[in-house]
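Given next, in structure tokens, is a single chain: the form predicted alone.
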């Protein structure tokens, strides 16, 4: 069977990927080889595979033996290792969760329910580098696939509310620790409660290393590096990556603000969309529901919204909840909706898993 190398498989995205592969019996169709950047030579027990001795993730000669490499190790690793492999003549498929290669001309951002035809054409042309997209971009595209595939959109304004897990496991642990520390106050009086929590969280010695400000009882309306035009890099990715996936010219205008919120898992997004024509809400709902099997439409109702349109409702599932659909006061062609999905699944691991199976069918 085909040799597939895995790097970064113990991180957050990598762990979710391993679990998904185990549940879908994906390991039965390949020979997995597990690499480590820090623990080469150690024997570990891996879900669905059993005992395995870890290889050196920097050993080019060993990596060269792989027909496919799947990495969740990060951009620095990709920037270091992939050029060395290619310069040594490696012709295998590189499947990557990191952002480093996304906008490169010789790579394809993978989200096969959306761009499956483009992926197949790229494989036919000999493209070897395939990259998972930004988590919010992938989730948004699946949520509104029914409108995208009929080319019904003029522009999108997106406000994303992103869980701390998007910043890694350490960020999740820090939030939980902060909530525990901040919550240890007198709760007999509401004003005293608020004041005491504010005093604790605002203190200069309150533990905060993962973000610019404590996330407990707070939000941070800036994610990633600032750009010259006032956007953050995270906000820039929406238009750049979506249009690359769609191969759309001229580009579909997309902008908004990305906000980090004190949620552990699953990203939410509020969209304002200008349509090219007026469409009845019932027709929009049908288009969204029929576009793919993962959209879960939620009627614009308070109780149903509270039950089904929240991070807690979709975490650890492939469901992409879509609700709060309504026309706006701007015009009959402007609609708004809210969507939430697990950024570790459809936002990260699942596109890689599916791309691996597509590549396995080619080698």
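Here the structure is a predicted model, which is why all the values come from computation and not from measurement. Numbering follows the first chain given and starts at 1.
What comes next is about the form predicted together with a small molecule, which is not displayed.
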Practice prompt. Can you check 77-85, 131-139, 183-191, 113-121 and let me know which stretch has heavy atoms within 4.5 Å of the small molecule in the model of the complex?
Written response: 131-139
Item to complete: Decide yes or no: are 8, 36 and 96 jointly within 4.5 Å of the small molecule in the model of the complex, with each residue judged by its heavy atoms?
Response: no
Worksheet item: With the partner left out of view, is residue 343 within 4.5 angstroms of the small molecule in the model of the complex by any non-hydrogen atom?
Response: yes
Fill in: in the model of the complex, residue 152 touching the small molecule (heavy atom, 4.5 Å)
no
Discussion item. In the model of the complex, does residue 234 come within 4.5 Å of the small molecule, counting heavy atoms only?
Written reply: yes
Worksheet item: Can any non-hydrogen atom of residue 166 be found within 4.5 angstroms of the small molecule in the model of the complex?
Response: yes
Worksheet item: Can you pick the one in 127, 223, 171, 246 that has a heavy atom within 4.5 Å of the small molecule in the model of the complex?
Response: 223
Item to complete: Name the single residue among 145, 178, 162, 71 that comes within 4.5 Å of the small molecule in the model of the complex, judging by heavy atoms.
Response: 162
